[in-house]
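First, one chain by itself: the form predicted alone, in structure tokens.
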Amino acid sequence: MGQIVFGALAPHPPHLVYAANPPQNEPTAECGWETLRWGYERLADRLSTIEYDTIVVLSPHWQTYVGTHFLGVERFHSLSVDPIFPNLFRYRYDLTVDVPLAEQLCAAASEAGLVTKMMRNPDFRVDYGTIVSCHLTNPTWDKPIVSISSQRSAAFYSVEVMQEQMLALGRATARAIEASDRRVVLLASESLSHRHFVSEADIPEDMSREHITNHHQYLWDMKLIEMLRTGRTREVVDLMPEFTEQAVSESDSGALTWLISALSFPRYTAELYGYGTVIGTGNAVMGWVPREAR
């Protein structure tokens, strides 16, 4: 019987990879965004104490407009260039996909009434949200992944429609994992508040220029983090439409709602590894450990 052994809110600013100077990324930095990078190090240390087989990630930057898609090719390797920050993120990735688990997730979502599709194009370029979250969570890339697209019902309909879709996808994800033999880590790859600066500093890693875009966003971030830390996840989902609008949040991707649903609305404490800003956006690195809660 498979199980979800860990769930994480794992934001994907490419600046964090840039500042860490891994060998896969061409640009190099002096430093930068240490609070968040150290938070990710704490998350990676936490994961090192947990046995798992596969990472499943839902990314806002793999956007599909007809249903939810799942990576369905065993290996991808290419160059990922951030379209907004090509000066910071030019990353050569080489990753493996747990195709059998992806197919089980796709089938379970389809059985739940969702529109789904397996992505079988071997030349598909994996989105940078998936790459950044997986790299920062597991820099050795020694585990296969499954990447799930963000179907953009919030753009065509409303956040409320997106919520219903993601709640159903989360339940289907949990059922498929339980029916498998996999121990799985789930990653919701998204920021909280997401209003960006409109210009970049001459030195991108100059932290004297880094802060939240406005206090209004900061208050929303702190409210949501406190609710997650105290196990009020049903309230978080209820509040999500207003939070998404007021904080211009990446929660419009459905990633956090999907994670909460797959974890069956955890009422136990979420571990907070770090909070910080990147080009004005608010980012929290947080984790849930179902086994320890039980």
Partner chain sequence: MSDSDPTELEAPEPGTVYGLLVPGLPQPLLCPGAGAGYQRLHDAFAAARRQLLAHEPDLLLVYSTMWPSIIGHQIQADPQPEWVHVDELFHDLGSIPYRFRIDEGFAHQLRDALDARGLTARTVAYHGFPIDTGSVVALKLLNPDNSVPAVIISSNVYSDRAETVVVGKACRDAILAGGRRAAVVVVGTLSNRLFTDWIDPADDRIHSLKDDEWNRKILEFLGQGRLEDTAQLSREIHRQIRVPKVVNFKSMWFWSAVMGQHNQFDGEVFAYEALHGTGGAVVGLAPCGSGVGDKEFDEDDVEQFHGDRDVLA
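All values reported here derive from a predicted model rather than from experimental measurement. Numbering follows the first chain given and starts at 1.
One more form of this protein exists, namely the form predicted together with the partner chain; it is left out here, but the text below deals with it.
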Residue among Arg183, Arg125, Arg171, Lys223 with a heavy atom within 4.5 Å of the partner chain in the predicted complex: Arg125
Partner-contacting position among Ala112, Val161, Ala155, Met207 - heavy atom within 4.5 Å of the partner chain in the predicted complex: Ala155
The partner chain contact in the predicted complex: Arg37, any heavy atom under 4.5 Å: no
Touches the partner chain in the predicted complex: Asn214 (any heavy atom, 4.5 Å): yes
4.5 Å heavy atom contact, Glu103 and the partner chain in the predicted complex: no
Contact flag, Phe85 vs the partner chain in the predicted complex, heavy atom cut 4.5 Å: yes
The partner chain in the predicted complex reached by all of Met227, Ala284 and Trp288, non-hydrogen atom within 4.5 Å: no
Location of the partner chain contact in the predicted complex, chosen stretch of 129 to 137, 94 to 102, 74 to 82, 183 to 191 [non-hydrogen atom, 4.5 Å]: 74 to 82
Within 4.5 Å of the partner chain in the predicted complex: residues from 182 to 202 (heavy atom criterion): His194, Arg195, His196, Phe197, Val198, Ser199, Glu200
